[in-house]
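Two forms, one chain: they're shown below as structure tokens, one block per form, named structure 1 and structure 2.
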Structure 1
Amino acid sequence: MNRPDGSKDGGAAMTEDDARRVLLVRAIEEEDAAGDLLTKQDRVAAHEAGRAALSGAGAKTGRKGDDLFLARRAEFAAGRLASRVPAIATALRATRWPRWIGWAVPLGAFLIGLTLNELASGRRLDLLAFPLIGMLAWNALVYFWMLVTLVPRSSKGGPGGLSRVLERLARLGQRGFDRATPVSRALGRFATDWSAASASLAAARSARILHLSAATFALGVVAGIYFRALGIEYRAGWESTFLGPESVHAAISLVLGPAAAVTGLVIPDVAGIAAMRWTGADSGLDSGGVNAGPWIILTTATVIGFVVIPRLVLALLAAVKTWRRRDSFTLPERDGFYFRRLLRGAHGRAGQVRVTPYAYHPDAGVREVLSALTQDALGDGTALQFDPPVDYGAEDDWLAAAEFDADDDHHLLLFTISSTPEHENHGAIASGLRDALAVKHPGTLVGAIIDESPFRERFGDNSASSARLATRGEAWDAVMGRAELASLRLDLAASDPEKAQLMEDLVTGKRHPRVIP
């Protein structure tokens, strides 16, 4: 398969581009519950594409395999989506990190550094003044700050102010979308998801660029000095209101000492420093100072040693971090329902749901709708198995004889709202099943569905029958609540996204039994 980021299937499973597509497809699938954009057929095909990658050469297992499945599935789905909806292709492009920032910002910094001397004070190389001392001080402050923040590694904090600006730059291509359509909702959600998920990667990238820019800026400043020094004679000197030659000597020895040691140049003694003081009331050009040549070398060596080299090392570290994060992306909410649902079928074992109708013989239509809803809620490969209906009153025998499969992810009881719920029967099978599975297979989630379709079909849809349905529903809630079983009343005559949502709540255990004391 042609992959735009050039990474190979053999590498780590989830790259940045993979993750971007996964999150995009997730946003689409969750906002487009009706399957208008990504149809059921597409989802099945995407599922197959993911599985094909898994079963290919060098098949992976465990989390890496899961990631590979998610990545290839999303790649397939995103391909279909992007070819259908231009806005989706645009969104995928617009959320990519713009590479030009990586070289444009450092280049800009170099140019700024280069031109800085032009704005400075004529021919003087002022030993105590900006930009040299200022730049060194600024970098010292940055190193100190990094040292301080290194200790409690706060990885949770989002990107800093500057990197946020960069991120915004990266999202320049995004337009405001009309929130009314599923596509626009999905893209809005994707933008939010993506900026949160890629925050740490963006932070690493920003760090790399900023360190590099600091180095090029320093180089620019130094280069600027050399450049000008070719054509004019710099005079090195100092002046101060408060400091005497002793203090200045001490300061210069501290700052330029290491450079002097490396280059073999000698820093003058106190008398020599005193001689370099600018003299004269108006600080005329030739009224003090010495030829700046050795000082420029000393300064350059200092800048390279204190700024350029450390910054380049830091930039390299950030780059390594960037590459690592880019090629092995950590998905947010990786253990959330959406991914678990997708992964259930990834390794060949789809979700398994067992349905036991009680005092109800659901017809083929009802079975079909329930099956569709379950697949919407649990994933496309979910298998639904219907038990033969349990007769009214036969709950004790059934519970005694029933064999439960540890592989059942869910066990649902199916009732009809046409029956009057009785604590001794409908309630008994509910609490009995709940208790039995809690002991035998605590991994199986138990719930009850009360089908409203037979009632609606018979009594029609009007205010009077609705009121009656509501009363009957309350009776059911009371009986199921007393049995402490999560229950859901649904009209199983037709499937719709809203019902799938409710169903999802039920089968994921988000719906709690209404316990009635």
Structure 2
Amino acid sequence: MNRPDGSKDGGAAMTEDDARRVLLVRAIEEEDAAGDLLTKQDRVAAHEAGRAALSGAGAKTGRKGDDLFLARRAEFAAGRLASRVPAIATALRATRWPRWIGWAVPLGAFLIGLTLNELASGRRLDLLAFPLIGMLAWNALVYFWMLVTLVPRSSKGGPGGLSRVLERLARLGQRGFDRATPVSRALGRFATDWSAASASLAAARSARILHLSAATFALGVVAGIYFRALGIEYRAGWESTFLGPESVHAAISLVLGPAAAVTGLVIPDVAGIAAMRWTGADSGLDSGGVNAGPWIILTTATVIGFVVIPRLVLALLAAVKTWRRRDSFTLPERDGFYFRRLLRGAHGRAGQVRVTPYAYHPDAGVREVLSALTQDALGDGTALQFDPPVDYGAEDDWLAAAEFDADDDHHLLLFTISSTPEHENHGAIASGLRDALAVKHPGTLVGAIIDESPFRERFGDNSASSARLATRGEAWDAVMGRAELASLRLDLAASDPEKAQLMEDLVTGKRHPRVIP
């Protein structure tokens, strides 16, 4: 079934078109916090569309079911967005791989080869000159490079050149928009995300086209020779400044020997090769060379065996890789917070937050307020689990022994602002936890809360205490910033909507650390 953006129904698996819509909708939802582009009602309707797919006949379960939910939810939401904002529809179309490239480039290569009559200079078929030797050498270099690149390499690195072209195409949809608007920011992020996510697929497509083009170029060259040979007589020969007949005979035997073995044609001996040398100032047809018929057959067999057949096989392998990646697309950050939050809603699961107090023993009131704030930020049913407090100076032992749960959506460190922050202790556990989770469970969001309630309770609310509180706050910001951990100072004596909003910014990743080198 065709969709408004030109894509097709890819079934239950996460296809390329599904993934494109999912990443677009994610960019919109995370940049459009106010719901101006995709309203709350739209999001609820999209959610229900996804749930309907889950409950449909023959619906998938497990990870495939989750992908089906995400795909159908994004399909609904993308349809709403595209109908309202033309730039979004444009971006969806612009980031699709242009199919015409798949046939236009190989066809162009064939035509170039067909018209490239430089194989012979006039009526001469020079056995040591381009394009035969050049074409074989180039393809040998390509095969060698492919063998070298089989060695495993780091997955780090930016998208390739073709992917960057796609990114620029996607940005076409932003023209005419204020870059400060949510739609502009979302399209910019979508272009970047999609460029990175589709880089391997674009590389497979590029490889298929380039291998196919190399094969059609070689066929075009050979076809051009035969076509031209119908009306003229080619003469085969050679000339060289440095090589003699013995060296030329060895080189020709190496290059054309396999073709001679297959076709049954005989390569002349050294004396025969010497007789083929172009001689005289003009090196004309009367001063060397022989009828090129047998040599054209040897050249054709060599080109087909060394270029056309291997390139077609490589193109076929690249096509299979392309089909697999297109129809079974790997969604980036699939275990990230955004997707887990959607899937929790799809399956009715509550969020899970883990709190680790450090050098602080929060009382029942503080725990209750923190629980209320997290539920306000993440929804009713959010589970809040407190670890036993970590003693001052025991951060290294705790980090070494701590076991982290992959189901934790958030892991918060809880400090009291009454403590004097120290890089060696408070900063160490903050950076240590951040680094540990980045390796073990990168989908868990990490943050820190500095509770102001003990300080306020002890010193009261007056100008002097406010000044001291501000000074301490700056010190805590510096330590957490140096640890590159997002932090939030809150009075956990009571809950209110403003604190809940701040908590939401922290647990949804919108609050960034104030990095201090």
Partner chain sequence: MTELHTEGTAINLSLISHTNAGKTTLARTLLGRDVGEVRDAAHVTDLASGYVLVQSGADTLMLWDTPGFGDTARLLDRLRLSGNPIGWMLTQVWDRFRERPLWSSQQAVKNAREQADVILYLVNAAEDPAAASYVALEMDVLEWIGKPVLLLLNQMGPPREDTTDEIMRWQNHLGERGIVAGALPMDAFARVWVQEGALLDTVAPLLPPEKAGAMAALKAEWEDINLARFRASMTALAEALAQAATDRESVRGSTWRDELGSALRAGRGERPETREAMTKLAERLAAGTHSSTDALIQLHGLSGKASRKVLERIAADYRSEEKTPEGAAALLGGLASGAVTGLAADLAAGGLTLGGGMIVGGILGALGGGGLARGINMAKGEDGSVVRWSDDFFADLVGTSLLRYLAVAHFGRGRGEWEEGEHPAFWHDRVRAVVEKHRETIDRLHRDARRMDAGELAGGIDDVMRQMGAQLLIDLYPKAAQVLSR
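As the structure is a computational prediction, the values presented were derived from the model and not from experiment. Take the two forms, find the largest set of C-alpha atoms that superpose within 1.5 Å, and that set is the rigid core. Start at 1 and count along the sequence of structure 1; that gives the residue numbers used here.
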Practice item. With both forms of the chain shown on their own, indicate which is the form predicted alone. Key: 2
Review point. Core-aligned, does S253 move its Cα 2 Å or more between the two structures?
Key: no
Point to revise | Flag for V262, CA shift 2 Å or larger between the two structures after aligning core | key: no
Point to revise | Threshold 2 Å Cα movement between the two structures for A486, core superposed | key: yes
Practice item. For L502, tell me the Cα shift between the two structures once the rigid core is superposed, in Å to one decimal. Key: 3.6
Point to revise | Cα shift between the two structures at G432, which is computed once both forms share a superposed rigid core (Å) | key: 23.9
